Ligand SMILES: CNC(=O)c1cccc(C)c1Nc1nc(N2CCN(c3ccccc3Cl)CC2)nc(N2CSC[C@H]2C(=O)NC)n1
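Quick heads-up: it's one chain on its own, the form predicted on its own, in structure tokens.
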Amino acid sequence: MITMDDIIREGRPTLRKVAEEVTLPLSDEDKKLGNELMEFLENSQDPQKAEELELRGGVGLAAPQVNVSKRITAVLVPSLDPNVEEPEFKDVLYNPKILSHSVQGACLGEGEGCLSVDRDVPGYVVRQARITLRYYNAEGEKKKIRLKNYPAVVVQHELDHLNGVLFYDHINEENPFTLNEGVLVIE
């Protein structure tokens, strides 16, 4: 089981490397890692388990964050509607790739955080508001989906990890809260 002790922090070289694609069909090792990444997210979003295991809440966790330089990431975006138990998006993504994206930018109003960054880095992280994503799931099936707004931002954050990029690399150092016209701010 992955805990906070397994998550590497900024400064470690694996977080700045471009991760290697996994081979298909998936190895048992790659499937197991994907399951463990998702298990961490599920536990981190369960208030009782999160407290018991001392986990910070997360909506995405990429293999490089546990010091494995492979193109694997788990994403678990809960429903924003408290009456809906079904997550807005949940899957383990193997070799994910953004095929296309909107011109419109989007950012989270409160900025972004990261399980690998133990400090607050204020500023807007502008990403694409909508993306078309291709990936393979744990069964080796090729998937193509469209995501928008918060789920799209989460997936782009995770794909950055597979490319050696951290969220604060996108923040304008001189004017961290300056936005171009037309950028969607997601509250």
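Only a predicted model underlies this, so the values are computations on that prediction, with no experimental measurement involved. One-based numbering along the sequence shown.
Separately, the form predicted together with the named molecule exists; it is not shown, and the next lines address it.
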Review point. Should E110 be counted as a contact of the named molecule in the predicted bound form, where contact means heavy atoms within 4.5 Å?
Key: yes
Check your understanding: Does the 4.5 Å heavy atom contact test between D28 and the named molecule in the predicted bound form come out positive?
Key -> no
**Study point:** Contact flag, G105 vs the named molecule in the predicted bound form, heavy atom cut 4.5 Å
**Key:** no
Exercise for review: Check whether D160 has any heavy atom within 4.5 Å of a heavy atom of the named molecule in the predicted bound form, and answer yes or no.
Suggested key: no
Check your understanding: Among Q45, T132, S69, Q128, which has at least one heavy atom within 4.5 Å of the named molecule in the predicted bound form?
Key -> Q45
Check your understanding: For this chain shown on its own, do L33, V92 and G140 all sit within 4.5 Å of the named molecule in the predicted bound form, going by heavy atoms?
Key -> no
